[in-house]
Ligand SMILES: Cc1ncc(COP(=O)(O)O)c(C=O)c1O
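One chain comes next, on its own, written as structure tokens: the form predicted alone.
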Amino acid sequence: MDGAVIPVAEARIGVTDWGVTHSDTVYDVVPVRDGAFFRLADYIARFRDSMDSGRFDIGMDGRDIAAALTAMVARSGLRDAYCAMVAMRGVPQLPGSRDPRDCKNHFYAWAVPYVHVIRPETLAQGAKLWVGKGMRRIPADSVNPRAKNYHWGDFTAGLFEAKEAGFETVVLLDHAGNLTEGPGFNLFALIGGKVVTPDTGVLHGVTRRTVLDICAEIGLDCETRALPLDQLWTADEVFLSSSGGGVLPIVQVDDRIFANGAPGPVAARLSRLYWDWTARAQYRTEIAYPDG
């Protein structure tokens, strides 16, 4: 923050920053695995696309961002980490201004030990997914889902609903009844031997892209298209993709059981391959830690 590496507990954001008062911010998260960033260039490229979409100017190029993230993680000593990069609108330089062009945009980043969106022990027992009933995904013509943002009002309402029903997490429908995404993940279904993932109303996740790349490498057919809820019930397997956990098999959606209540073979294989891919040299940006 402000060019310095500091403990998370010491970070401060002004209460009048538009990132706080208006949720006027974009961000991205890159995983660190065994001492290296995974697909760092892809995550930074998407972060820059999000900034362009929101008209943010933090005065840093991709190399500057990579250097800041590397210095921070190296200082932390974390070999497996969840590393976020954030652009915030900032505070108007003219007091009382309501013009976003008067705000001084700024960048900060933070790293914590690796975060799983669903705990590994829960996945091993069988993770359950809730389809939101009382809340629909924010329409793409209201908030651009391809710009990773903190507009989580719909997700948070859906999470309350899911948790109160005894489920781990939630996926939301759009206003046409198609499945979209959930808080921090993309959705996949194995239907008729093809891997299907929603293509509208969703963030085009880097882990989603990795899953599609893996499927192409192993010869598994994929479709990126609208996925109506009624088609989900015909799936043989359901799974999620996230930078917080890779490929996450789901054994239950609402009251429907999939793959006989255990992680399906395709999801299990893709999960193993995802972790294999994080070890591939072409996708790794090694971090030089002070202790070597």
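Note that the structure is predicted; figures quoted are calculated from it, not measured. So that there is no doubt, residue numbering starts at 1 and follows the sequence shown.
Keep in mind that the form predicted in complex with the ligand is missing from the display, and what follows is about it.
Although the partner is absent here, R89 lies well away from the ligand in the predicted bound form, with no heavy atom inside 4.5 Å. Interface residue remark: G184 is counted as part of the site for the ligand in the predicted bound form, having a heavy atom within 4.5 Å. In the predicted bound form, the ligand lies farther than 4.5 Å from every heavy atom of F107.
Using a 4.5 angstroms limit between non-hydrogen atoms, G205 touches the ligand in the predicted bound form. This chain is displayed alone, yet in the predicted bound form one of W152, F167, Y114, F160 has a heavy atom within 4.5 Å of the ligand; that residue is W152. Segments offered: 197 to 205, 169 to 177, 96 to 104, 213 to 221. Contacting the ligand in the predicted bound form at heavy atom distances within 4.5 Å is 197 to 205.
Residues of 222 to 243 that come within 4.5 Å of the ligand in the predicted bound form, judged by any heavy atom, are S241, S242, S243 in sequence order.
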